[in-house]
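First, one chain by itself: the form predicted on its own, in structure tokens.
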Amino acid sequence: MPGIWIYSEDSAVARQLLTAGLELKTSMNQAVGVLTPNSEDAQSFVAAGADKVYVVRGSNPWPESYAGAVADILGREEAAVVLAGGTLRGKDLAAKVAAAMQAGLVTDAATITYANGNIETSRLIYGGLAVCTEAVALPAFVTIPPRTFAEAPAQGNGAGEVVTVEAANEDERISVTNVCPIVRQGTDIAGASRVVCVGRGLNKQEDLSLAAALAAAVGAEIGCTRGISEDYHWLPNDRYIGISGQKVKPELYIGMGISGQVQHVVGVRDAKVIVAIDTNEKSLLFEAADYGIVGDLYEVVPLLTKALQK
């Protein structure tokens, strides 16, 4: 089935990619298919508009071990475009499959369109200071970060086909002897709908209680800049937002005492509403903010928290 194909080991991400795939379907006039290792979610892809779903099933549980099977299926189907989830494992698999199919690969695309017989993408470079636009000849592979698109909604009773393929994905050269999961505290901040973020404007660790009270008043998770987590160790590293940390896309982001360097702003620029609180009216965060309060956070935040609690 020549057309647009989607792969992610994460079914939520695959449904997000399906939104982009269905947009390409309109412009390319080609079918949309999904490859997934998650058999329990196959019908949800069909309901969301997939014309065909391959359930790739193997004895090796690691998603990256499916690269050979995925390449075989895409080769038989003569895929024109492949959208892969921009997770660590998704990028690993996309690179292997693209190399096997001798196809061009673009990573971390923020937009994707079909024009002049090519796939055109845009992505941020230089820490968000510039946008790179690229055109890739077909067949083209593109990785897209999670939450770039909303999940494709169910459209009723889809008529797509579900096919199960057994994959020989064992590799005796590699054996996993132990797995130590990362212990996270609280909700995954990357998926939070509201975030209160603290920076070096906070004088001491005990003052995090100001952020905690404000976060409780608006139902938010607490994030921080790199200095707060890596230099001061006041919050875990998984709370650090920025170019090499978490990328968030909340409905509301409130930054307290943050200078707004580009390395941090690139991690919050997709927030729907940005609020900045800082004494320095030249703080760069004000340039990215929808609302700004110039003032001492030790005076402003308690007043704001009290008002929100009413």
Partner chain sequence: MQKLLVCYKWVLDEQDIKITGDLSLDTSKAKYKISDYDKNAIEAGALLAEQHGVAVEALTFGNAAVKQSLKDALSRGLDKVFWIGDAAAEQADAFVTANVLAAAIKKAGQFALILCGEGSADAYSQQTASRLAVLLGIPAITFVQQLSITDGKVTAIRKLGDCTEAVTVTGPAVISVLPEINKPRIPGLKQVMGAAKKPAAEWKLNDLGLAAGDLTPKVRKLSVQGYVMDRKKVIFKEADQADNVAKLVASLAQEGLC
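For clarity, a rigid core is taken as the largest C-alpha set superposing within 1.5 Å between two forms. Positions refer to the first chain, counted from 1. Computed from a predicted model, the values in this text were never measured in an experiment.
As for the form predicted together with the partner chain, it is not shown, yet the points below apply to it.
In summary, among the residues 150, 131, 216, 168, the only one with a non-hydrogen atom within 4.5 Å of the partner chain in the predicted bound form is 131. Interface residue among 38, 30, 43, 263 relative to the partner chain in the predicted bound form, by the heavy atom within 4.5 Å criterion: 263. Within this chain, residue 182 lines the site of the partner chain in the predicted bound form, having a heavy atom no more than 4.5 Å away. Among heavy atoms of residue 173, some come within 4.5 Å of the partner chain in the predicted bound form. Interface membership of residue 221, defined by any non-hydrogen atom within 4.5 Å of the partner chain in the predicted bound form, is ruled out. The shortest heavy atom separation between residue 100 and the partner chain in the predicted bound form is within 4.5 Å. Stretch 104 to 112 is the answer when you ask which of 201 to 209, 104 to 112, 72 to 80, 160 to 168 has residues with heavy atoms within 4.5 Å of the partner chain in the predicted bound form. Along 275 to 295, a non-hydrogen atom within 4.5 Å of the partner chain in the predicted bound form is carried by 275, 281, 286, 287, 288, 289, 290, 291, 292, 293, 294, 295, in order along the sequence. After superposition on the rigid core, displacement of the C-alpha of residue 214 between the shown form and the other one amounts to 2 Å or more. Superposed on the core, the two forms barely differ at residue 164: its CA moves less than 2 Å between the shown form and the other one.
With the core held fixed, the Cα of residue 33 is displaced between the shown form and the other one by less than 2 Å.
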